[in-house]
Every structure is written in C-alpha cells, then in structure tokens.
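What follows is a single chain, given as structure tokens, in the form predicted on its own.
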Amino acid sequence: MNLRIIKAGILDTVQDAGRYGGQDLGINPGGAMDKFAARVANILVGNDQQEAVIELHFPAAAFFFELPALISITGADFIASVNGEEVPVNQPILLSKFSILQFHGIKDGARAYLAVHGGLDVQPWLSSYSTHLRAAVGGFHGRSLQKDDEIVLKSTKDLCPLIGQKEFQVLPWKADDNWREWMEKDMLILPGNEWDRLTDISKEKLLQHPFYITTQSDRMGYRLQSDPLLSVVQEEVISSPVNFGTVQLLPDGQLIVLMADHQTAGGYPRVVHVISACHSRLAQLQPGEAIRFRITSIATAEALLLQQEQHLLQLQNACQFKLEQLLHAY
C-alpha cells in the first residue's frame, strides 16, 4: 500500500518527536517543529505518539492514496480537500482507495501534520524517523518529498468495509484544542544564563516591546526584528549548550529564537528561554507576526507542561476507545 506524491510542496519532510542522545556529538534533536501537533495527529489515527508523520509547509504537496487509509491533519489549517471536497483538521478521516488529498490555502498557522494509521514505512537513523536535511539522512532518503515519491504504508488492515461506497468519511470525534485558549498570548520565558548581560533598559524593552519574525527564519531559528538590545559587557561567550526555545542575543543587538533544527551549542548570549509548553504556539507563527515576551516561573512552566501532557493522555485514551469500537465492528 503506497502513498504517492503527485505534486511537490515547498518543504514537506518526514518527522517525528526528535532524535535525542547525540547532542554531545553535535547531532541536533531535530524532529517536528510543532511536536504537540505531530503527537495529536498520531493519536487521532491510533498510532504511537512517536510514529513518523509528514510535516507540511504551504504550498504543500498533493497525495494519492492507492488503497483506503485512515488519516488525520493537525497543526495549521491549509484548507485540505479530499477529491475536491473540503475536510477538517483535528479529526480522523477515512479515505477510499484512489483518493487525492490536496491543500488550497493558509487559513491559520504555519505547519500542518499528516498522520496515517499504521505509520510510514521509512528507515530510522539513530533511533529516529526525522529528516536531517543538512546531513541528508533519516526520513525519506534524507530529503524533502518530491513529485512521484512513493512512501510505503505500514498498515495491513483492510479498511474497505469501513468506507463502503463513500469517497471519504470524517469520523465523529476530534481533538479539542480549546484547553489552550486561557493561556495569555504572550510567549512565556525564563531568564537565561546571560540575562544579566542586558542593560536594564534593554531588559525593559525585551519585556514591553513586540519583536517581529523576519523572512530570514527557518527550521533552525526565527530571526526577530525590533529596537536593538544592548549588553553591559562585550566579551565573547564560551560556546555552551542550547535548545529549542533558547533566545540568543546577536552581535547587532537583535534576537534569534532557536527552533527544531538548532545547533547543539552556540557562542551568543542566551538571554531567555521560551518554555516548552509554548513551543507549539511558537512553531505556528509566520514571518511578519509579532512575539511579546513575559517572564514566568519554573513552577508555572512545569505546571503548564504537565497540563499539556495530561491533555494528550486523555485524548489518547478517548481515541483508542473510539478506534477499537470502530475496528471491531467490522
């Protein structure tokens, strides 16, 4: 059973939750930019949360399914359609054989995730399915997906009886992301090791002024534009470990937020860190959008991350129950 790319997207790659354990060797974790959305996509179709998914940027690829499949689309809303009819995000969708999945525009967000029941049959590299573009390894031949690529699907389940004569069927349960609405729009941060290198005025600017994502942004980092920030000392920083969400002060006084493909160590001052619970929202921002920072506490950061994990666990339990009922009925 194959999934065929009939039109290439701008940068669509196979990703998972990341490649950990190699940072001391200079191998960055990588993985999906929005790991929360990627995990939700897998949960909706009954996969392990660490299963490989396809990360989509717009304009996104178009896909041809040779046999019936159970899919989900999460993260950004790129106005998806199956055989010309619009389908929703955050819901499992049964497709008939010879279905075509396409994306028509950006309604919301920056990155969408496509999961298929059973997963994608790609070879792991260092225990991860994620595509490492710089090293040209992992994912699908270490590169972005191109026209006429065919990905074998792992699932061997016969889904034909579930779909019948319909072209597709949206299943009646969905992932509810309203639990995040109470969070303030500010990007919550913790002070970094070099926070006190900033002048008092620059600290106030960082917390009170908006920072705009520039077009010089990618999976490695978001370059931000605002009034330059000043440092009280000009000495160089010894290269030190960095992570997803680390915010560094560049020599020109601007900031860069490190993202999924960040380097493992850096020599720029680490002034703040975006907390893990905000990474999903951060990953869905587009160039031109503004970021406002607000300092929080480690206790709050831990509580928000725990709440996020509890939400995923509840969703997994509910979807597993629904899918078992569906599959056992045939």
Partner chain sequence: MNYVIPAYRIFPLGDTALVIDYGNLVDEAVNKEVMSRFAQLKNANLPGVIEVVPAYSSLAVYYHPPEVWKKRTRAMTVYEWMKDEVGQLLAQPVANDQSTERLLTIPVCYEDEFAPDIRALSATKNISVEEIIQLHTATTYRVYMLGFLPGFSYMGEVDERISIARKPQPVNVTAGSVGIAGRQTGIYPLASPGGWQIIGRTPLKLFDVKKEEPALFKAGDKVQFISISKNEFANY
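Positions refer to the first chain, counted from 1. Just so it is clear, the model here is predicted, and its values are computed rather than measured.
Absent from the display: the form predicted together with the partner chain. The rest refers to it.
- Only one segment in the set 114-122, 133-141, 147-155, 198-206 has any non-hydrogen atom within 4.5 angstroms of the partner chain in the predicted bound form, and it is 133-141.
- In the predicted bound form, Tyr20 approaches the partner chain with a heavy atom inside 4.5 Å.
- Put simply, Gln286 is far from the partner chain in the predicted bound form: not one heavy atom of it is within 4.5 Å.
- Mapping the unseen interface onto this chain, Ala303 counts among the residues with a heavy atom inside 4.5 Å of the partner chain in the predicted bound form.
- Residue contact with the partner chain in the predicted bound form: Ile275 places a heavy atom within 4.5 Å of it.
- Shown here without its partner, the chain carries Val237, Asn243 and Ala299, all of which come within 4.5 Å of the partner chain in the predicted bound form through at least one heavy atom.
- The partner is absent here; in the predicted bound form, the one residue of Thr215, Asn83, Ser127, Asn193 having a heavy atom within 4.5 Å of the partner chain is Asn193.
- Note on the partner interface in the predicted bound form: the residue among Leu67, Leu282, Ile27, Ile295 having a heavy atom within 4.5 angstroms of the partner chain is Ile27.
- In the predicted bound form, the partner chain lies within 4.5 angstroms of at least one heavy atom of each of the following residues of 244-273: Gln263, Thr264, Ala265, Arg270, His273, in sequence order.
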